[in-house]
Structure formats: structure tokens, C-alpha cells
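This document starts with two versions of one protein chain, written out as C-alpha cells and named structure 1 and structure 2.
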Structure 1
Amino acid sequence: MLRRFLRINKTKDSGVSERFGIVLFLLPTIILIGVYIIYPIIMSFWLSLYEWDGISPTKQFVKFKNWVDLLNDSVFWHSLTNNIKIIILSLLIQIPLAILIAVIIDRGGKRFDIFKSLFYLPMLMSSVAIGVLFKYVYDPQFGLISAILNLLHLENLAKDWLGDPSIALYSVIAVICWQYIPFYMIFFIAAISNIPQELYEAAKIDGATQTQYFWKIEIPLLLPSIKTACILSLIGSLKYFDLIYVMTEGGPAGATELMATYMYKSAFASFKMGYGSTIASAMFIIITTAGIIAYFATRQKEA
């Protein structure tokens, strides 16, 4: 009896020690998340209730005035529309092209390994460096695109790619796709490598063609990865900032203005910290809601 009692207590003690150890090891991460993620989010919502220039020691409590102004702010809705355009074009361009390149590289085997490195190079560059680089590429006078068009005697097609409001956003989206397609390419290459070879061998015995491999084997088995990639692209498209700010600063005439660039300008250029915090809080609500909806939508389809 005594031995059994001691054994039970020993088991309980070891369980408590194990839980204490888990909490102890997680504590630094919990503190970092609290300080650098949760606290700034709470402060953004708190500052959205104030009118403050970000410098003065005093803040004026204005209740929900900033939120009312935001709902009536046409610039904010225009920037949200631009974010939605980026989402749609990113999903239509980045994901299909990344799948196609991943399949081609996978079919090529070791001969195409060099292309993995070449295609992945844009991901190794910072967004700021890419933004500066493409400002020169898009230059209407001395840029690479204008030089190629002149060489091909297609001068009439040359445009002010970043200065024309009608095409500036699409010029920027092209750069975004160039930057992020390699990320999804590697993502899908990893997913394709997990497809059992037995399926290919069985399909080969049945006389399947390469096209049938793609549509009947690879696409169905890649669906979970495609859904994950779509959610990543959706969330990433709603918070783009650095690349577009470097290339256009939201111009010309607000043609490439996004929620993040508008938030930055309001808070740090116009010294409206309260209103900038309101935009940041609205971004948090929109991105979180979109992420949750996308997650449950794909989860229901899987079920």
C-alpha cells in the first residue's frame, strides 16, 4: 500500500516537474511575443482613441472620432482597393506560375537543379534593394525596359512605368510577382517531392501522359499546399509596404497607395499618430478576419 502511495506521488511530482519545465522553456518566447507583438497591438487600439502628434507629452482623448473619420476617408478605401487588386493578381499569377515552374524543375531532375538556385535569387535580396533596382529598370529614359524596346524598334510601347497612374500599380505588382514566385516555387517543389513514386509508376503502367500526371496526380495531391500558399499570399498582400514605398511612395497621385503606406504617412509624415494607429488597428482587424475566413473556408472544403 505504502509503495503504491509513493509511486502515485512520484508520478504526480514528475508530471508537475515536466509541466514546470515546459513553462520555463516557453517563458522567454511568451515574454518576447507579449512585448513585441501583443503590447504594440493593444497600444495601437489605445492610441486610436487619441489625437496625438507623436511628440507632444499630452494627448487629447477624442473617443471614436478617428474611427468615424476612417470610415469616411476615401484615401483609405482606395488603398484597401489597391490591396485587394494585389491579392487577386498575386493569386492569379504567383500560384499558377510557381506550380508550373516547380513541376518543370521536378521533371527535369538533377539537370535542372541549377535553376532552383537561379530562380530563388530574388528571395535572397531585400525588398528595399529590389525596389531601388527596379526604379532604374523602369526609368523611362535610361531604364532597361526602354532600352530593350528601343533596340527592337518598339519605341511606341515605352511608357513611364511608375509615373503613369493608369499602369503604376501593375508595374509594381509585376515586381512583387518576380520577388515572391520563387518562394512558392520552393514550397511546391517540396510538396511534389512528397508524392509517392508508386503513383507515378502505376500511372505509367496505365499509359498516362505527362499532362495526365499533372492533372490527375500532382494537382489533387498539391491541393493542401495550394490552399496554404493562397492564405500566405492573401495575408502578405494585405501588408505590403517596403517594396512599394521605395518604388513609388504610394504615388503617382495615390495610384499605388496601400493601407500600410497610408498608415506610415499618417503616423510619421503627417504626425497624426492617433489616426495612424487607427489605420494600423483597422489593418489588424481586416488581416485577422481575412486569415480566419480563409482558414475555415479551406478547412470546410477539406472536411
Structure 2
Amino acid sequence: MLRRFLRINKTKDSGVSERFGIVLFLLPTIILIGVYIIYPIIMSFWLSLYEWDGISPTKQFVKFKNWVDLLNDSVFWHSLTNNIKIIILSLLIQIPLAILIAVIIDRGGKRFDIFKSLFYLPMLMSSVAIGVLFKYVYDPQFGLISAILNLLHLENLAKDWLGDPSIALYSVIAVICWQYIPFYMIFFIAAISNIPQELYEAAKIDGATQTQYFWKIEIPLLLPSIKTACILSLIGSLKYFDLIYVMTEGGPAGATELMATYMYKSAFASFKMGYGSTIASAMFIIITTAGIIAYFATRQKEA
């Protein structure tokens, strides 16, 4: 059907038809990106200058009051701190473990393909489903974790994993690692498979041990991929929402509050659209800056 429609537009004069085609072919993309990306970004910054519940017909122009409030808002700083804790722990846990698993799977060759498939399963589940599942995995009474501790006679280690403010954030980070390690694992398996086999054989002839091969050849050659993975993890960690919102809604007592959950709650639970927009705009600034810094920091070293 599409083809028939397009044939109608066929003209002999290819000059006119090509110019017409270019405009026609770009128009949907330009309109959609304008309406749903560019306009909202501008609008977010614009709304951050107002106090507004999102419903009443008049918005109150308050200049930079929301921004001043944000700078003095301990909840915002606390949520940013939580985001940063997630970044650090994600980097320290996810990337090394993913590399280790990828290297081991690579050593096994085809025999280990089954592990690859089994390890990948968490990637198939939505963050929402994972969040709900782990709410019950962590359940002190019926959950999997308490059952495992019972099995190992470690009952005294049992905690209210999501209910205790001092450990809730770490419980959530554990789930984030569970969810994303498979992604980085596959990412590094692909990167390792690009290392020429001859290098391994040459190292073997030179009498290198597996450990030497790992540190002297694999890790240096994986460095660009490791940098990419770190940037992905960094940016991702600043944007977390689904999983945390579903598991804890930012609680208990704000222990797992993140910028995105705080933004959502301000705008859609407290109906402070202006302040919500301020948080969103601040996230935009923080994430874009972090992305640019990370991008150039890793780029320079490569040169």
C-alpha cells in the first residue's frame, strides 16, 4: 500500500521531486522532536519560574524562587547524594563482576553458552516487575532471602531489608546490580570476542599465565569498552526511577529518595508543577554536565 502511494508521487523532474522528498521525509521527525523533546525542555525551564498546581488557570510568576528553594532543599540534596551513592556502588560492583563473568564465560567457549542464556534472564523483566518481585524476595516472613538465611542457619543476620532506613538503599542497589550485570556481561562478552585469538596464542607461547593474560592483554584492550560501560552506568544511575519507585516509593523516611522520584512526587503527588519542573531542569543540567565531562574525560585519555 505504501509503495502504491509513493508511486503516485513519482515525477519525471527528479530535481523537484527530490527537494520535495527531502522535506516530506524529514517533516515527521522534525515535528515530533520539536513537540515532544525541544518544546518540553524549554517549557520545563520556563515552568521552573512559576508556582503552579497544574490545575488552576493562572500561574504565579516567582522568578528564581524555586531555584533558590531547591538549593536550600535538604531533600533534594539527600536524593542527589543517594544517586551518587548508587553511581559509585554500581561502578564498583557491576563493572568488575560483569568483566569477571564475561572472561570466565569466554574461557569456556561454546560449552558455556547455556550460562550466558541463564544469566541473561533478569534483562527480560521490566523494572516494574523486578521491583514488585524483590519486594517479596526481601519480605522478612515469606521472602527468599530470609529463607536462604534460615537454610544456612544465619537467621540472626535477617533484617527488614527494605523497611530499615539504614539499609534500604543498599538493598535497592543490590537489586539494581542484579538487574544490570547481565547487560554489562553481554556487553563485555562482545568486546572480548573482538580480541584477536592470535594474541592469546602468542601470549601462551611466551609462557604467560592466564592471570597475566587477563591483566596485561585483556584489560588494556577492554579499556575503551570499560569506559563506555562506566558512562552508561553513570548516566543510568542519575535517572533511576521505575525500580525504586515501585519497591520503596523513596522511603522509608526518604532513605531511597532519588532525584527522579522526588521530581515525580513533587509534581504529581504534591501538585507543585513549578517546583517539579525545577527539579527536572536541575536533573537535566546535572546529567548533561556529567555526560559531557565523562565523555571528554574518557576521550582525552584515548588520544
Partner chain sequence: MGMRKEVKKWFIAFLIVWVLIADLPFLFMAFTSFKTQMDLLTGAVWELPKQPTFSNYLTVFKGNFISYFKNSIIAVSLSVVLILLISSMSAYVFARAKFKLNSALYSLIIAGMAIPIHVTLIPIYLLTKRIGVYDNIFGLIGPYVALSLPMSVFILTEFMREIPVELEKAAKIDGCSFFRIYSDIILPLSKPALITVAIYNGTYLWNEFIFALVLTSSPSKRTLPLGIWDFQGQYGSDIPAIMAFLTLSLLPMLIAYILGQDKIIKGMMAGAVKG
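Between two forms, the rigid core is defined as the largest C-alpha subset superposing within 1.5 Å. Residue positions are counted from 1 along structure 1's sequence. On a predicted model such as this, the values are computed, not experimentally measured, just so you know.
For the form predicted in complex with the partner chain, the corresponding chain is the one labelled structure 2. With the core superposed, residue 292 shows a C-alpha displacement below 2 Å between structures 1 and 2. With the core held fixed, residue 153 shows a CA shift of 2 Å or greater between structures 1 and 2.
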